[in-house]
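There is one chain below, alone, in structure tokens, taken in the form predicted on its own.
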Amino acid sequence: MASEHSVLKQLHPLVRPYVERVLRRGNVGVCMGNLRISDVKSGRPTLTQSKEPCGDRFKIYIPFAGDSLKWEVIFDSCQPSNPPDFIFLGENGNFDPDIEKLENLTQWDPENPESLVLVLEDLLREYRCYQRQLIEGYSRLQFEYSSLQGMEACDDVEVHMGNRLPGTLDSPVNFLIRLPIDLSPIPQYLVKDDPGEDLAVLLAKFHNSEGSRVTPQLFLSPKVEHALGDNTALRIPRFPTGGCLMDYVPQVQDFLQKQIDHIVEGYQRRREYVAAFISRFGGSVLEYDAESFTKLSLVLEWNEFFFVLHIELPSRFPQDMPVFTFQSCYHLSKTNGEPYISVQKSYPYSPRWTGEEMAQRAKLFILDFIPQFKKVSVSSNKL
């Protein structure tokens, strides 16, 4: 935010509103990435410099298909009502859009602060067409792109190959694919602090035109990452040798859906487990996690011996069993002076049991373990 503010301060007052709207609009393209502006300069002759900021040209960096486009935007602060010029830098130098197709440039409205946003949208539309034309000389790449069109597992696609000599492929070609993802079944506690967009994007990098080596990478928006876990920890399927995107993209989509289903099922099973314990030990419940259902504490009594049972449900519940921690209400540990505890991670358990059966089996284990726990607890230092 601070860098954006410093950029805006350098711009001529009549140019600044256009750039403010560009930065405010922010996210563009398949990845909904942020635009960045730098290198603000003035085209005015030195003798006509004024005391007010006179920056009227700058570089804009636009995320596109896993790469970053660098274009230069040139206004004339001496005649700010004129439309801007554009220079397409780097490997975009051969991009030469038809001016007649840039309606918002040919009919530039200096009174509309959204005018530059609209022109950039026109240019990006034409740039996508330009990239599609570039891959027409490569049958495999053309097949990959065409096969993705209209697929249910593919919301939007960008392809980027830059400039190359005719008939050659000197550097990787990126396919950036937005995958449809629905987080509505996810428990609200996992997404309530991330109100952003549900976004999952697959980047497939073709290292040659034959597709003999393809490197996939998954990118998630903060909201999706918080719900499903860090994208580096999600092991998406490997791209098969000789495979194609038409078959691979649905595999990644199915993988994401299974992650969502797994999270929803785990939440429902934890809630069922906690509900079964509350039903069976209702009067003994000290506290429980009513949001994520990962913790439960009970105050229990056996032959006038009172103790607290803490139950922690792991993230992989019910595949992984809950941890039982027995805590004495009377005695301190000889080692650290804190209440004596005994942690139990092994007892009769099956992930196939219902929550009610788990609670019943746990009750039997607790009754069987109490005498041993009491004996060791009493041998500790008394308060």
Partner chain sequence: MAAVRLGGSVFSALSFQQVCSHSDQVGLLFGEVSVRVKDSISDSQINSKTTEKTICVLSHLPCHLPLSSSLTTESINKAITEVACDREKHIVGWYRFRRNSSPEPSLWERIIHRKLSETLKSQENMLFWLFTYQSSGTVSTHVTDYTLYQQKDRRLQAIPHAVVNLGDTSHDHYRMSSAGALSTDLGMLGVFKKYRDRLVDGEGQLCEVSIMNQMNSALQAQLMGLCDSVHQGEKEASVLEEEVAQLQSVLREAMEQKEQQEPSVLIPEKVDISKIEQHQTGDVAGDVRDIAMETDEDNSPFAVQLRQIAEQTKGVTTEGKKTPKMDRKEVKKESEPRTRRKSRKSSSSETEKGEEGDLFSNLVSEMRSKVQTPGNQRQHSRQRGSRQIQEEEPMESSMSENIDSGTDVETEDSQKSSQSTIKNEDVQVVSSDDETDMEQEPSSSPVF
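Numbering follows the first chain given and starts at 1. Please read these numbers as outputs of a predicted model, since none were measured by experiment.
Not pictured, yet referred to below: the form predicted together with the partner chain.
A residue is said to contact a partner when one of its heavy atoms sits within 4.5 Å of a partner heavy atom; S279 fails this definition for the partner chain in the predicted complex, lying far away.
At the 4.5 Å threshold, heavy atoms of N94 reach the partner chain in the predicted complex.
In the predicted complex, D85 approaches the partner chain with a heavy atom inside 4.5 Å. Proximity of T106 to the partner chain in the predicted complex: non-hydrogen atoms within 4.5 Å are present.
Partner proximity in the predicted complex, defined as non-hydrogen atoms within 4.5 angstroms of the partner chain, places exactly one of 95-103, 219-227, 235-243, 110-118 at the interface: 95-103. For the options C129, L286, I74, A290, the residue carrying a heavy atom within 4.5 angstroms of the partner chain in the predicted complex is I74. With the partner removed from view, the residue among P351, G43, P348, G337 that has a non-hydrogen atom within 4.5 Å of the partner chain in the predicted complex turns out to be G43.
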